[in-house]
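What follows is one chain in structure tokens, specifically the form predicted on its own.
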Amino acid sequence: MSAPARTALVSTAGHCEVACSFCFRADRARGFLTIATYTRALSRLKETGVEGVCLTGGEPTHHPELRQLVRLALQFGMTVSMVTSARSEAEVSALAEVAHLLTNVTVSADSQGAMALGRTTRTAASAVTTLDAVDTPSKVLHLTYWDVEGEEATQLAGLVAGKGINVQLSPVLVSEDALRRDGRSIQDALRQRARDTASLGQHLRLSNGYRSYLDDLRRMQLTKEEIHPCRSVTLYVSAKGEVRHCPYGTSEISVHASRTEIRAFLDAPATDRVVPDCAAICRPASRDCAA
């Protein structure tokens, strides 16, 4: 049997205006998660022992009924957290209205090299500004990074110093096709990651768990081995109401299926295998770092 899930990552929308080229999202489609589908999902998840949900995107602050999404989960006795790229006045305002009801807010940002690569404008400074504007017990700056120089690492550490903001790092995972088009190889990308890690490690305390996570990614990218079966204790719910053991999983079940069918699906051994993309999303908090 699969380990019982205690949390669920819920996609509130299938689209995102940021649309960075290295996005980790598994689903890309138009439309928002409906309240009816979400309520059904919460009911079924609660019955299976899920204790908390994380609202993600697309961009959750764009959901027209964001406050209702948060309050419904609370009414089911679940904790609620959020991952967002909120920067605009409207987005930050929507986030601030519900922030006091959340246990955690994670704001995504990109290093300068990652912004150039992904054609984004999600600076670390603007992420910290968003986090400063919200009232929630736990705040996380999630930085997707590529080609980080020492000066940028120094600035990053200074941005979060003394603010009670935790830092989570994710290296950009450039596909082999994209690397070939740029005249580079996987080995080139891994060397770049090693330089970035050294630069960030001079100013951030990178835990042994995080370094182990990077070793796992390196091994998967070099050997292309499916290291082990999915063991995630976090479920994924798409904006259409499909439940998976993994966002990238090939097997799923609709929240509109019967209780018996949903229970059987969740109790059955996961058939998905760990690959670099899902390893970048599903990793323990112990594999993070701190300023």
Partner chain sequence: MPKPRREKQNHLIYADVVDSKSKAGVWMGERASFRDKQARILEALKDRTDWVNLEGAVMVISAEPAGLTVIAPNPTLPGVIVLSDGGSPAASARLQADAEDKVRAVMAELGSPKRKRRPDPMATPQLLWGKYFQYDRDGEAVLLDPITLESVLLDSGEVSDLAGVSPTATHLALAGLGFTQDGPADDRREALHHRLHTLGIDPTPRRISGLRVVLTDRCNMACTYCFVDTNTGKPDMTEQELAAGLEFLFEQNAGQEEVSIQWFGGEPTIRFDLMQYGDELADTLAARYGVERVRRTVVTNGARLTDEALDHFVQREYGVGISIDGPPGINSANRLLLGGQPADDRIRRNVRRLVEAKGLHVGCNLTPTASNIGRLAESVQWIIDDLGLKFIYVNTPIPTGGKWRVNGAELARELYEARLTALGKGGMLFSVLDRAFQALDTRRPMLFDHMQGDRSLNAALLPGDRVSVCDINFTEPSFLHTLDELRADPALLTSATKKVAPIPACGDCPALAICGGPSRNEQALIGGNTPDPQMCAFYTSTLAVAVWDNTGVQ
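Positions refer to the first chain, counted from 1. Bear in mind the structure is a predicted one, so any value in this text is a computation, not a measurement.
Note that the form predicted in complex with the partner chain isn't included here; everything after this is about it.
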>> I need the one stretch from 52-60, 233-241, 246-254, 37-45 whose residues put non-hydrogen atoms within 4.5 angstroms of the partner chain in the model of the complex.
In response: 37-45
>> Taking the partner chain as it sits in the model of the complex, is Gln75 in contact with it (heavy atom to heavy atom, 4.5 Å or less)?
In response: yes
>> Contact with the partner chain in the model of the complex for Arg71, defined as at least one heavy atom pair within 4.5 Å: yes or no?
In response: yes
>> Test of understanding: in the model of the complex, would Arg67 fall inside 4.5 Å of the partner chain by heavy atoms?
In response: no
>> Within 4.5 Å of the partner chain in the model of the complex, counting any non-hydrogen atom, which residues from 87-120 show up?
In response: none
